[in-house]
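Taking the form predicted on its own, here's one chain by itself in structure tokens.
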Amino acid sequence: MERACGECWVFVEHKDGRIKQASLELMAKGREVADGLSRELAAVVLGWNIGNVAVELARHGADKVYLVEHPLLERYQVDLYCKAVSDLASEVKPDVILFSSTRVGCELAPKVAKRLRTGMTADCLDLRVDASRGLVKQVKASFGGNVMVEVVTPFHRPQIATVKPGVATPVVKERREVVVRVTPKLDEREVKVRVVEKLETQKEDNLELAEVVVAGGRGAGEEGFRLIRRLAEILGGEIGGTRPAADEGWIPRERQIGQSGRIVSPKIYISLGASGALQHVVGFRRAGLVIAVNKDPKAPIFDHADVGVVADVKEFLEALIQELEKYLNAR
């Protein structure tokens, strides 16, 4: 698709009438991109009987909301959603389409890109703008996470990217409410998957929203993670960790923080026994106060910490927890 209308789109995910946190964050990042390119920001939301979602999006910076409703879109199905989004994009010709790097976004974005015969950059850690060329610089880690690169799509439109949750803070930015209602052409015969039964899964954690994150690396060891859980419990925080910690099974894979995991931005980030590899650091670079503990004084993690403690993680945690429990018991 060569000619673009000049709109920047954000694909919005929602559940039970509530917009997902990752989409609110992406709306904030989309607003930055749209302003940088002097474009309109449009939210694209799919479903059935979701007018309340469209109204809420106007409060989060959307100049326009494409409300795509059809009974077949009531539940997410990748083929139907892909057809609805790409058909609309073929008609309107947006300049940019952004998806969150969620399960839905990671599945849907490449299929939409393929139908529109354009490129796509996955798992971006930031988006910047080259206003003079009308390009979105899609920033992501590469070469094993050792370098950051900027990817651009200079010859095809739309420019499509998935963006990691946690790279922006949702903002309330009232705009005039312009809702464009769209009824996609979908056919029951296009339904390839039918929901037979819906099972309750584990509740989503609040890692991206946590004000305190206590994270461990390989240096913490299995015993260290027992203490990390206790410290997080005392501080009312969430637990995270590095990829090696997830590989060892000390934390669930979904609590891995970094390039191939989650992006967090707590007020306090406590790193215990992590070396400070770039792949991990990009996951907490927006944190407020960073406290790092490592027995190696030359560990790179100290280059990214506001407070550094050279100590054995287990000994440090035992002493800190003991003092905190004394304090709590004395209250």
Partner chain sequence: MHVIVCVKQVPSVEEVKVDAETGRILREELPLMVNPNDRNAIEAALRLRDEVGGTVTAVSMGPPQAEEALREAMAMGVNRAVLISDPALAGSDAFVTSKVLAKAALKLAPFDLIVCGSRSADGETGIVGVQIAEELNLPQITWVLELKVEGEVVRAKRSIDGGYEIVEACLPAVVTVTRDANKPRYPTMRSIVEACRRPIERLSLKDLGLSPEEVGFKGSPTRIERVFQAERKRRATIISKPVEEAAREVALMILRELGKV
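By rigid core we mean the largest C-alpha set that fits within 1.5 Å across both forms. Numbering follows the first chain given and starts at 1. These figures come from a predicted structure and were not determined experimentally.
Below, we turn to the form predicted together with the partner chain, even though it does not appear here.
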Quick one: is residue 20 in contact with the partner chain in the model of the complex, heavy atoms, 4.5 Å cut-off?
yes
Contact label in the model of the complex: residue 172 to the partner chain, heavy atom within 4.5 Å:
no
Taking any heavy atom pair closer than or equal to 4.5 Å as contact, tell me whether residue 285 reaches the partner chain in the model of the complex.
yes
With the partner left out here, check for me: in the model of the complex, does some heavy atom of residue 187 sit within 4.5 Å of the partner chain?
no
Could you spot which one of 151, 182, 92, 129 gets a heavy atom to within 4.5 Å of the partner chain in the model of the complex?
151
Answer range among 32 to 40, 53 to 61, 66 to 74, 289 to 297 for contact with the partner chain, defined in the model of the complex as heavy atoms within 4.5 Å:
289 to 297
Which residues within 99 to 113 place at least one heavy atom within 4.5 Å of the partner chain in the model of the complex?
102, 103, 104, 106, 107, 110, 111, 113
Does residue 152 count as moved between the shown form and the other one, where moved means a C-alpha shift of 2 angstroms or more after fitting the rigid core?
no
Per-residue C-alpha change between the shown form and the other one, residue 190, threshold 2 Å, rigid core fit
yes
